[in-house]
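Quick setup: one chain, the form predicted on its own, written in structure tokens, and binding and motion questions come after.
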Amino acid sequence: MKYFVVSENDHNEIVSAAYLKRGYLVDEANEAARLCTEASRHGIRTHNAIKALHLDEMLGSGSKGCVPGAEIIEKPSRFPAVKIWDAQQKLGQATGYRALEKCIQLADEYGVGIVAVDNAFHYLWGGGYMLEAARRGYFAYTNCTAALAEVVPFQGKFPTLGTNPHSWGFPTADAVGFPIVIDWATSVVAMGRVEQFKREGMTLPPDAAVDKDGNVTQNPFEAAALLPFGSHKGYGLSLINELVAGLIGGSLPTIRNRWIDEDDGEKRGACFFFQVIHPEAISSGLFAKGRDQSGNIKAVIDDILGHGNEKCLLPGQLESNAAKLTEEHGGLLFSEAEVKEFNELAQECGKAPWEQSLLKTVSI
């Protein structure tokens, strides 16, 4: 497939300008562009700037789901390693990066740091935050409730769950050359993947989506709701996010980001959960054959990938390979359909569109 190579600066200029035009502060716009860049650098096409700005238009600043310039309020907590935040519908990426930094600060002091966030707007690619934590030497986990209830529970017929992603990051760069990042939606595909398949004229995998009548469909234009992966297993993992959000203070999944004019007393924002653990905090020190913690991780991975399993991929390996391609070709890689959408964004915010004929192309 042919891709166009775009410099990070040119990408960030358009993305930041688009957020600024919608009323966001400079730091919010830059943090939004930062996460979008990380997604594109690592080949995450479902959560790049196109998805982020579309989500903001439909459910964020273009609706009532996100408030540019909102200030985070820290709520009282009797546990020093735990912070509770009311995000007041602040931009999700800005809130997510702040939560991660606070968790790292707490983990350095207490061995573990947790930030629970209520009244938030979706933070997009959870794996991006975990990748940052793992790069810096921490073991981390995050989940969030999806922007909308779009997933039908196992053996159900009506979408009452979100795609509800889980993301983990492990500091394994010394062991395997890159951080292991496990990141997935709990549906067979994310709704961002459906949008990508629409752009690229592709067909959905089997048993991934249903139409308005509840019939399974592979046509992305007919997909009205999604199905959980692994039947009851994906359903259970999706339920975890809703239960965690319920403990934090989140409200009903089926009304999330569905705003009404009158005040009915319900809440409609998302919830985040961030946890960062300092590896030293969980080390027993009882490593076989005199290995240290890093050496033990490498030994474990070598055993898993041995015995004829040498060609198996590790989670995060494809993303690491994509980042190498980005570096090799000197910029972020976008399809022709994506370049067209970026140029529409550029025109909306008064920036010069990318001239396709001047962009370097690569075939992958």
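These numbers come from a predicted model, not from an experiment. Basically, rigid core = biggest C-alpha set you can superpose within 1.5 Å across the two forms. In this text, residue numbers run from 1 along the sequence as written.
Heads up, the form predicted together with another copy of the chain isn't pictured, but that's what we're talking about next.
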item: Contact stretch among 122 to 130, 288 to 296, 195 to 203, 95 to 103 - heavy atom within 4.5 Å of another copy of the chain in the model of the complex; value: 288 to 296
item: Heavy atom distance at most 4.5 Å to another copy of the chain in the model of the complex, all of V5, G43 and I72; value: no
item: Among the candidates L161, A223, A134, M191, the residue which, in the model of the complex, approaches another copy of the chain to within 4.5 Å (heavy atoms); value: L161
item: 4.5 angstroms heavy atom contact with another copy of the chain in the model of the complex for D118; value: yes
item: Contact flag, G250 vs another copy of the chain in the model of the complex, heavy atom cut 4.5 Å; value: yes
item: Contact of W184 with another copy of the chain in the model of the complex (heavy atom, 4.5 Å); value: yes
item: Any non-hydrogen atom of T217 within 4.5 angstroms of another copy of the chain in the model of the complex; value: no
item: Contact set, 261 to 293 vs another copy of the chain in the model of the complex - heavy atom within 4.5 angstroms; value: D264, G265, E266, K267, F273, Q275, I277, H278, P279, E280, A281, I282, S283, S284, G285, L286, F287, A288, K289, R291, Q293
item: Core fit, then R135 C-alpha moves 2 Å or more between the shown form and the other one; value: no
item: G234 C-alpha relocation of at least 2 Å between the shown form and the other one, rigid core basis; value: yes
item: Displaced residue check between the shown form and the other one: R256, CA, 2 Å or over, core reference; value: no
item: Cα separation of P206 and R45 in the model of the complex versus here, shift of 3 Å or more; value: farther
item: Relative Cα spacing, E262 and G269, in the model of the complex - shift of 3 Å or more; value: closer
